[in-house]
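Below sits a lone chain in structure tokens, taken as the form predicted on its own.
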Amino acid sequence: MSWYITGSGAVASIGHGVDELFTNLCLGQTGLAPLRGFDPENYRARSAYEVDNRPEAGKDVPRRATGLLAEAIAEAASSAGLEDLTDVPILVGTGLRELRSLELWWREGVAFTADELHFGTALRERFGAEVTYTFSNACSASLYALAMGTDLLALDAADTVIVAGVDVLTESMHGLLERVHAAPPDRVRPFDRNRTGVLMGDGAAAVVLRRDPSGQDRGLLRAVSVNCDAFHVTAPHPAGIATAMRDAHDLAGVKPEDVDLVLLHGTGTLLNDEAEATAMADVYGKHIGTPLMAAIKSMTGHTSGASGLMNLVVGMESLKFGVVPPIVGLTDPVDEAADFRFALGEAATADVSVAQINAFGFGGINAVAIVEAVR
């Protein structure tokens, strides 16, 4: 069973809106910039991929995640021709929710109500949405939400759903990630032998899913596979990742040789990239050099719970226009990815019809989606 993607929205450090985001990705532009929301003097890594929307430089404000989420949902709903969201379920995947707001309350006494920590409050006020769900499933959260959205459609609980993902940079997560390795990360370099780790990025993405075609469909969601291998709290497991990929292929009715494009999770961390590459090689076998490989975190940073859906939105644009964004900063691929067909240097032009979307999170929470072009 397949579902129709009739609208999409996105915002990240390099663009507001799907068109601007995709254009800048294809130009190889990066959102990496000096830290904007808090004092960099306390940290070794002093850059991140933040959306530059604070009213005053160097001074953070609460509820930025909520604001980016509403922006992406508004674009997705508008592009799908949806005006009334009262009865449209909205499913939100996130890693950290409004943790940055809590940090500001704890450290600086910034005031807000407890209701404002819940995305549902803002979505009800902005869109009249009465049915909202929030899932916190680490870095695969938005694809988990996507899978649950398809469940609602399959069960006839709704004929239209909006699925979204969002996260913004928090001081605690930035401090944690910059200390994982001996050398602090200076940028995200997926699958490069000399990478030094991951930096976070602000981002939100949303799609409108419908059970029936609308005549203005942007893509076809063939399948979403999810699992939790529980291998380790933080270390990924190639076998669990490979299982999620094979399950997605089986559900979608495709074989590895049918896939033209893969939007890799590609975090640039020392464990994740090798594990993902190992799983890809295991699943694709002799066809590992067939699909083009993209890794947009090299330009957006790691948008955490939003990253899976961000990949999906970008993947659909690639299927539509036949253009795949390059991977910035990848000059010396790790051995596990030696046979990958990476898009490097500049955007690649190719006839792509089927894409695989990867998202993997702490605790072995794996999710893989398969989307197809609508032409």
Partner chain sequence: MKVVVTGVGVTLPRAASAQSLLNAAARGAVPVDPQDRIGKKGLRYKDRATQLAYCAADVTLRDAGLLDDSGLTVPDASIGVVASSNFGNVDTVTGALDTIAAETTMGTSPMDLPNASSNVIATSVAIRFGLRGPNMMVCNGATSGLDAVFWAANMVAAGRVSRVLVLGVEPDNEAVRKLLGGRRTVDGAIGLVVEHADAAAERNAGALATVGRYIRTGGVRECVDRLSGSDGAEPALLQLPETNAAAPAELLAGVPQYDLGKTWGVTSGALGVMQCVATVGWFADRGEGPVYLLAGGDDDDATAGLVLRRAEVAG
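Numbering follows the first chain given and starts at 1. No experiment lies behind these values; they were computed from the predicted model shown.
Same protein, other form: the form predicted together with the partner chain, not shown, and the subject of what follows.
Every residue in the set L96, T134 and S172 has a non-hydrogen atom no more than 4.5 Å from the partner chain in the predicted complex. Here the chain stands alone, but in the predicted complex its contact with the partner chain, taken as any heavy atom within 4.5 Å, falls in 112-120 among 255-263, 273-281, 112-120, 75-83. At least one heavy atom of E41 is located within 4.5 Å of the partner chain in the predicted complex. When the partner chain is considered in the predicted complex, T234 lines it closely, a heavy atom lying within 4.5 Å. A residue is said to contact a partner when one of its heavy atoms sits within 4.5 Å of a partner heavy atom; R179 meets this definition for the partner chain in the predicted complex. Proximity of L220 to the partner chain in the predicted complex: non-hydrogen atoms within 4.5 Å are absent; the residue sits far from the partner. For the partner-free chain shown, V224, S225, V226, N227, C228, D229, A230, F231, H232, V233, T234 of 220-238 come within 4.5 angstroms of the partner chain in the predicted complex, judged by any non-hydrogen atom.
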